[in-house]
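Only one chain is shown below, in structure tokens, and it's the form predicted alone.
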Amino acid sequence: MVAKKTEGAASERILVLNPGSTSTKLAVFDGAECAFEDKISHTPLDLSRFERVWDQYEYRKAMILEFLDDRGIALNTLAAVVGRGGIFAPTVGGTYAVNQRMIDDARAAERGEHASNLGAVLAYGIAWDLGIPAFIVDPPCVDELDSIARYSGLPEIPRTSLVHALNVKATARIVAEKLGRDHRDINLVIAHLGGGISVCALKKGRMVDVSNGFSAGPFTPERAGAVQTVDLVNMCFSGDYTRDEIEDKLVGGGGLVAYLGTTDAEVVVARIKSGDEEAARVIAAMVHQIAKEIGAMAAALDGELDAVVLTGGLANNEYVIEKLRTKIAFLGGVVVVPGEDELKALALGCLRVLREEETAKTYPQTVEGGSASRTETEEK
């Protein structure tokens, strides 16, 4: 149940929370305008006393409230609190009112421990004390795959969606506005390029196929992407590595950092310009794999796409983007929306509900038969 807004609260003042592994980013938005943005840093020593991410809740909440008080942000002026969504049960995209099922799933962390799992409960805990609603927007577990996209080749391991949904969905709206269209009326291939890479086929606003940003697709600055399965099985059973060591190789220790010892693409480009031929080959290989994945998602849309969109932190790297443009130019228009503004994307998702442009969804709203259910909780 969503609590009602406290009397006297500003109608569109929103507290935005984005917990990460070493920081909690936060902002206050008045409507669509950011009035305040900062972050609270958490040292390894601060967090070492907590056995699980979930155990950090009271600590992070107290620091958020102290931080806001120090900066003169009056809590009774807030209309809502919105947090980054976590790795919960598969659900369709949109803005969700935080409910008990979501909090239970965050606590259980059955799909993985991640700081983002705290976003919902931090938003709810602060909002509950104030009698205002709490939301999350487009969590990474958004799963809108067509049924045909779920087949992997092994019935025991269906393909699933775990992607940078918040930025992908927000970028789709930005590009649609640039094109003078509604995001629900166009087809896009969107590649979120960062430490992790997600390439998504959006058909009229729905992510009908994706490359899983954690365990598939191209290699990235810090992830191995889709490696050859039999060779990976042999590595797992070689006796040379523990399970944790294998997982660290795949996520956190793969990609650029495995080949070149750094996750920083700017550093790699500087090495290329200094004549480092191996660095040039590795970047070329990463671009090659990204381009192949973009082509695959174009095929998932039967070639009927309005644009290819490149976004995320790597989209600021001119060397990478120009190499990539060259390889995918045959697909048509390429739009670059560099970086990501997760705090603003969260605020805008919340604002659409406050302005009654959307109705908040009830978690979990699942994909049925491979198609996102169109119910009364969908956009008006």
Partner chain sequence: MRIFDRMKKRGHEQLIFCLNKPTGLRAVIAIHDTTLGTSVGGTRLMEYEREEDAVVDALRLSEISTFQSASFDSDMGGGAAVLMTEEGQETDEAYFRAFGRFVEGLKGLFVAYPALGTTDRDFRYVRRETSSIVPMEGSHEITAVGVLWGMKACVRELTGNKSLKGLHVAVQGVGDVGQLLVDELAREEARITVTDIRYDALKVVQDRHPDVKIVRPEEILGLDCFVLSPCAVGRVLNDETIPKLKCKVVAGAASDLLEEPRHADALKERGILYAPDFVIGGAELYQTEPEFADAPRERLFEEARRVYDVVAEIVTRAEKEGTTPYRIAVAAAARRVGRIRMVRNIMC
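Small disclaimer: the values here were computed from a predicted structure and weren't measured. Positions refer to the first chain, counted from 1.
Another form exists, predicted together with the partner chain; not displayed. Remarks below refer to it.
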Q | S238, S152, T242, Q100 - the one with a heavy atom within 4.5 Å of the partner chain in the model of the complex | A | Q100
Q. So which of H42, K327, K39, K61 reaches within 4.5 angstroms of the partner chain in the model of the complex, heavy atom to heavy atom?
A. K61
Q: Select, from the options 317-325, 51-59, 22-30, 343-351, the stretch whose residues sit within 4.5 angstroms of the partner chain in the model of the complex by heavy atom distance.
A: 51-59
(Q) Check G131 for me: does it contact the partner chain in the model of the complex (non-hydrogen atoms, 4.5 angstroms)? (A) yes
Q.
Please determine whether L256 contacts the partner chain in the model of the complex, using a 4.5 Å cut-off between heavy atoms.
A. no
Q: Considering only heavy atoms, tell me if F219 and the partner chain come within 4.5 Å of each other in the model of the complex.
A: no
Q) Does at least one non-hydrogen atom of D104 fall within 4.5 angstroms of the partner chain in the model of the complex? A) yes
